[in-house]
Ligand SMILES: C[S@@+](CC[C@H](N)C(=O)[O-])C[C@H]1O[C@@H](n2cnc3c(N)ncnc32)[C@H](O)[C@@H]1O
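Encoded as structure tokens, the following chain is the form predicted on its own, with no partner shown.
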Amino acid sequence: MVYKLIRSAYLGSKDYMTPLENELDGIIAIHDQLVLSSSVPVKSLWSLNTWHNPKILTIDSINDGAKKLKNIQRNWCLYSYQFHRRAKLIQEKLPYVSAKPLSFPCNLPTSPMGSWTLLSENQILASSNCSSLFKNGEIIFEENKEGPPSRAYLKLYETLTKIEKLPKPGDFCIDAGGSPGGWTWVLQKLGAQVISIDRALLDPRIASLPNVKYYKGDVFSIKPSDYDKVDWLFSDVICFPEKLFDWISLWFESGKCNNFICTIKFQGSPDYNSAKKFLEINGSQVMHLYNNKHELTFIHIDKK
């Protein structure tokens, strides 16, 4: 295949490629989870890892491929969709980068991670400037199979790691839609005081933990006027994005909370307008996490 000028590439989640494709222009080709585009890089909501200004390297051997990549920088991650054996042999000649699961809480890597793939036997597409510091945007943690009642806690692990900020011991947190208690479990382990609100009950093991209180009811009936100050507001509640946005807006207008991590959930096809509306809040981020499903994560953090 003869490629036009490739100005950007986007690696998406295996099961959620359609929303990624729908938000991009200039698509040249799609190779499994990798979308190649002739348009300049954009901040994609659904990309796990965006390759900025990738270059095509012509190589004449496996050794030559490894040499040309090492001449650019040290750390490289392979995304392989074809010529798997040849690609693996090139990667094995590059400096080793650990893929060991992370132990939360942890720091972000300090070195940039480049990404590359084989377009043909003698052509490498490589980007030394990628949006993720992790291999193919995959943030994998050591899992706790005893404490949390569900795997939803991994979403919070990932978000807190990415923003490089944690609730401090004694911080007052609201966990909206907290049942069965995965997020509450994370926050309690960090030393925070947590109020979990949901129509469904918390797992009894979580409800009995110190500094955890559970209220049964509609999370949207909770208003800023009910509290003097909230350090963090978390939401993994199932609802339409518009309803979440209206509720979050009340809290921003009140000035009583400056740290927000909320899951934007979709039913059917994602509504980009409703998702992008969250970005109108100054200083906000919206992203698709490696540990997300058919959802995005809204983040607003006080930088102070």
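The numbering used is simple: start at 1 and walk along the sequence shown. Since the structure is predicted, the reported quantities are computational estimates derived from the model, not experimental observations.
Form predicted in complex with the ligand: not shown, discussed below.
G217 is the sole member of P169, P204, P210, G217 with a non-hydrogen atom within 4.5 Å of the ligand in the model of the complex. A152 is the sole member of A192, C130, L125, A152 with a non-hydrogen atom lying within 4.5 angstroms of the ligand in the model of the complex. When contacts are judged by a 4.5 Å heavy atom cut-off, P180 counts as touching the ligand in the model of the complex. Within 4.5 Å of some heavy atom of the ligand in the model of the complex lies at least one heavy atom of D198. Heavy atoms of I238 reach within 4.5 Å of the ligand in the model of the complex, making it an interface residue. Comparing 71-79, 137-145, 219-227, 110-118 against the ligand in the model of the complex, the single stretch with non-hydrogen atoms within 4.5 angstroms of it is 219-227.
Residues of 261-275 that come within 4.5 Å of the ligand in the model of the complex, judged by any heavy atom, reduce to K265 alone.
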